[in-house]
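Here you get one chain, nothing else, as structure tokens; it is the form predicted alone.
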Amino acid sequence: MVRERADAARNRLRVLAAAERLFARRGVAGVTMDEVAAEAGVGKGTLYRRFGDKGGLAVALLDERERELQQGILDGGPPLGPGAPPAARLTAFVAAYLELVATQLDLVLMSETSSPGARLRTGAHAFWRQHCRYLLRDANTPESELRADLLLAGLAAEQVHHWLHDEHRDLTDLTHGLSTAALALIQRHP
């Protein structure tokens, strides 16, 4: 495995942070690569060599945030990480994943809707699905595979976008409602 040079790693993190700030303010479509380079304080050549284009930059940013959440699930503290009961871990996952989707909504929406069924083919979705199935099985929940899929369908970016932007639901209320739904799914008797 080739290690990234320290200056390259710092530049990558600065670019991702700058892109995240700009995308949050104006959406992915409203930001140019030149603006990201200027905000990050790096040359345009560095940006294009590293990420190729805005799509590559968006994928890298989303990948970074998904990896952070996955790391928290695998070895973070409870209740998100190991050491908590399945129900507590499942609701912690719902809250953390919903925060990720809401924070990176344009990027997640783009990745999940780029083609029919795109959401179901990503490596990240496979990880979320396996994690939810594991927690539901650990709680002896019947039909854990189906219930995991139902939960993740409610967390799809298109659905979250609808709730937040079309219905103007509050993120805190939405998190509470989806966490309650997750607890209902974990029950043995429907």
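Start at 1 and count along the sequence shown; that's the residue number. As the structure is a computational prediction, the values presented were derived from the model and not from experiment. So that the term is clear: the rigid core is the largest set of C-alpha atoms that superpose within 1.5 Å between two forms.
As for the form predicted in complex with a further copy of the same chain, it is not shown, yet the points below apply to it.
- Judged by heavy atoms within 4.5 Å of a further copy of the same chain in the model of the complex, the contact stretch among the candidates 30-38, 119-127, 65-73, 48-56 is 119-127.
- Using a 4.5 angstroms limit between non-hydrogen atoms, Glu112 touches a further copy of the same chain in the model of the complex.
- Put simply, Leu146 is close to a further copy of the same chain in the model of the complex: some heavy atom of it is within 4.5 Å.
- Among heavy atoms of Ala139, none comes within 4.5 Å of a further copy of the same chain in the model of the complex.
- At least one heavy atom of Leu151 is located within 4.5 Å of a further copy of the same chain in the model of the complex.
- The partner is not shown here, and in the model of the complex the stretch 21-40 never reaches within 4.5 angstroms of a further copy of the same chain through any heavy atom.
- The two forms, fitted on the rigid core, differ between this form and the one not shown by less than 2 Å at the CA of Ala153.
- In the core-superposed comparison between this form and the one not shown, the C-alpha atom of Ala29 has shifted by at least 2 angstroms.
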